[in-house]
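Just the one chain here, the form predicted alone, laid out as structure tokens.
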């Protein structure tokens, strides 16, 4: 599947109608989602025929992109039941077979199918300090091959240091820097849209 086709398909997905600020719920735009998964597959072979989990899946954009690129099995995990309902409807609309689990990532004890690759757009940790690191810590415990994640560029040194020193990663590479468009979703947003610089990371867990 070509990049433009993938971007078009995920661009039609339903997004949050009533996002929860405490969960830092922002939609992962089709531009970023398609490039994230396209890079994971075409540069590293981490999607096709792999078991892929989408941590904090929200409305299911990243997981849907993984399924469209030929993942063997996709699992979406989120704490919010309403988000999971939207994700499930999105999967149905695209005729994708994706399993969804309601769970707080911080309390996750993984005993299910072995996961090759984890993709995620975690909370940036602006409302709940360290939320992004909680996601990364747990992702590196579960994934066997790779973790793809978005983090604010301003936290780059901290993320790399934590991944390699504290979270048992054997590799932590910034693949590219992207512009994340945050729409005006909440009352405290003064502007219609804000651009945030984010890094697309690929982490490799120690075997």
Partner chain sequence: MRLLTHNMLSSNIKGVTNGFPLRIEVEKVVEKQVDLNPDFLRSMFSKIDWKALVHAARSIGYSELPDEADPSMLDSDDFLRRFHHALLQLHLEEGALICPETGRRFPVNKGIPNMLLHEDEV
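Numbering follows the first chain given and starts at 1. The term rigid core refers to the most C-alpha atoms you can superpose between the two forms while keeping them within 1.5 Å. Just so we're clear, the structure is a prediction, and the values are computed from it rather than from any experiment.
If you look for the form predicted together with the partner chain, you will not find it shown, but the lines that follow are about it.
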Answer key, the partner chain contact in the predicted bound form at 4.5 Å (heavy atoms) among 168, 49, 154, 43: the residue is 49
Three-residue site 172, 177 and 180 fully in contact with the partner chain in the predicted bound form at 4.5 Å by heavy atom | no
Would you please decide whether residue 116 lies within 4.5 angstroms of the partner chain in the predicted bound form, comparing each non-hydrogen atom pair?
-> yes
Do residue 100 and the partner chain share at least one heavy atom pair within 4.5 Å in the predicted bound form?
-> yes
Evaluate residue 129 for contact with the partner chain in the predicted bound form, applying a 4.5 angstroms cut-off between non-hydrogen atoms, and reply yes or no.
-> no
Answer with yes or no whether residue 93 is in contact with the partner chain in the predicted bound form, where contact means some heavy atom within 4.5 Å.
-> no
Quick one: which residues from 69 to 105 get a non-hydrogen atom within 4.5 Å of the partner chain in the predicted bound form?
-> 72, 73, 75, 79, 84, 88, 97, 99, 100, 101, 102, 103, 104
Rigid core fitted, then: does residue 113 show a CA shift of 2 angstroms or greater between the shown form and the other one?
-> yes
Note on residue 113-residue 202 C-alpha separation in the predicted bound form, which departs from the shown form by 3 angstroms or more | closer
Looking in the predicted bound form, are the Cα atoms of residue 101 and residue 113 closer together or farther apart than here, the change being 3 Å or more?
-> farther
